[in-house]
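What follows is one chain in structure tokens, specifically the form predicted on its own.
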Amino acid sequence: MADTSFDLIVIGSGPGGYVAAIRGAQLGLKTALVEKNAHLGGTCLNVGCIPSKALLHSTEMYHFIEEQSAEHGISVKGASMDIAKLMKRKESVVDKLRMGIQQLVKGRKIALFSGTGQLAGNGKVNIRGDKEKQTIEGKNILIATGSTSIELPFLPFDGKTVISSDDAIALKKAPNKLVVVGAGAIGLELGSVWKRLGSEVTVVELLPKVAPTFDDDICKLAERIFKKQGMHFELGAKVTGMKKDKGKTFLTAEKNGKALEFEADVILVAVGRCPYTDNLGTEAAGLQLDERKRIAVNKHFQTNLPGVYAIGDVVAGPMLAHKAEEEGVAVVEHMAGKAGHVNYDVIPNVVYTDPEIASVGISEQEAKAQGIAVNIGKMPFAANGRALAVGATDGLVKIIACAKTDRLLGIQILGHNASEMIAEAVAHMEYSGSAEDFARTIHAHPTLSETMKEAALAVDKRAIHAL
């Protein structure tokens, strides 16, 4: 008979869940991992972060061949995109990572249970699989069930005309007219993919700017760049529904009291995600949720139920894979008597468009709202030698530093490889670095990251390569 008693039971195998299970096994905890889907890795690996980045990279290369290769002296005739092969490559990337996680779980001797995990009280978890039910028990239970796409009540998903991001990474052809609801990371990224593949893309956003969680300077410049790439934006518009007229489909919206209509073959709803707590038995177990149906936890990720914890998208905070991973490590270390900790002030945020958008810390607007006097340093990529050499001159780096102490409060980047460059900013902020520290950090030449150093110098108005 299989062992059913564990030190740690993790429900959900996304970035938070499988990382927590691995860290638990490393610390000597007898660990079980419960997953309802056929594959490990959660939304991020299977229908989110990884497949979308594969599509972004492939279409960026195609766009380069079509639009930019000639200026580099590269002559390409008859280039075309086979979407079926594009999707096949995407799936091969996902498959390799699935196998990798499977091997890690097996190698750490983590017991894997297939089915939906449900709290049953007294440290027990009922697992309902396709064919059988079983119950396991653990000293600690960790809920890491992630999130799902928000569905608008007046625009229900049908998988064909109105789709979620899950569907948008698997279309068999580029729609002639794609209307995207939401100008956040998901909308901009998937809108970019299908624009490069030939769709006419219109993005409708309730707020008055694209990528609205970023600094105003970044948002304004990003909008100009994306418009130059051929994307259309209708900002400050409230979506009201969908209608059909004479065989055509239209997304309806209103702006300043005026009715708007956008013809669409496909409507991608990308307005965010909501915590996934369905079928967990939360109500019967008495698990406390907040007003947004997230699981309420204390600073050690403990719920109101003894021995039950929660992390990732089902708790408060940014819905980011790396945030869930860090929480997964921290909560298990706490269970093992160690000082697990997450520094929420330095969680980076990235939009993987071209150019990429990345930030850490607070924006200039947030600093001012908090009454913090700041000094600002900016550096455009157009003044950077490496950016000119590789043809990546769109964008800028902006650094926000405390006027009184010079401590770094936030770094914003719009530019090529911003997702990689932001790690240096995170490291400086993790160690409470100042703009002066950043400015005196030696950067290799020529590199894109020199813009970071120059922006830090500009905080004290002493940038070398900008007036």
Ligand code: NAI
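We number the residues from 1 along the sequence you see. If you're wondering where the values come from, they're calculated on a predicted model, not measured in any experiment.
Only in words, not in the display: the form predicted together with this ligand, which the text now covers.
Test of understanding: in the model of the complex, would residue 255 fall inside 4.5 Å of this ligand by heavy atoms?
It does not: once this ligand is placed as it appears in the model of the complex, residue 255 has no heavy atom within 4.5 Å of it.
Does the 4.5 Å heavy atom contact test between residue 330 and this ligand in the model of the complex come out positive?
It does not: once this ligand is placed as it appears in the model of the complex, residue 330 has no heavy atom within 4.5 Å of it.
Hey, in the model of the complex, does residue 395 get a heavy atom within 4.5 angstroms of this ligand?
Residue-level check for residue 395: no, no contact with this ligand.
With heavy atoms only and a cut-off of 4.5 Å, decide whether residue 191 touches this ligand in the model of the complex.
Taking the distances in the model of the complex, the answer for residue 191 is no, it never comes within 4.5 Å of this ligand.
For the three residues 24, 45 and 324, verify that every one has a non-hydrogen atom within 4.5 Å of this ligand in the model of the complex; reply yes or no.
No: none of 24, 45 and 324 comes within 4.5 Å of this ligand in the model of the complex.
Please determine, with the chain shown alone, which of 201-209, 89-97, 217-225, 130-138 has non-hydrogen atoms within 4.5 Å of this ligand in the model of the complex.
That would be 201-209.
Which residue, 174, 280, 271, 342, has a heavy atom that falls within 4.5 Å of this ligand in the model of the complex?
The residue from 174, 280, 271, 342 that makes the contact is 271.
Which residue among 335, 181, 162, 315 has a heavy atom within 4.5 angstroms of this ligand in the model of the complex?
By the 4.5 Å heavy-atom cutoff, the listed residue in contact is 181.
For a quick check, can you give me the residues of 287-326 that have a heavy atom within 4.5 Å of this ligand in the model of the complex?
Going through 287-326 in order - heavy atoms within 4.5 Å of this ligand in the model of the complex - the hits are 319, 320.
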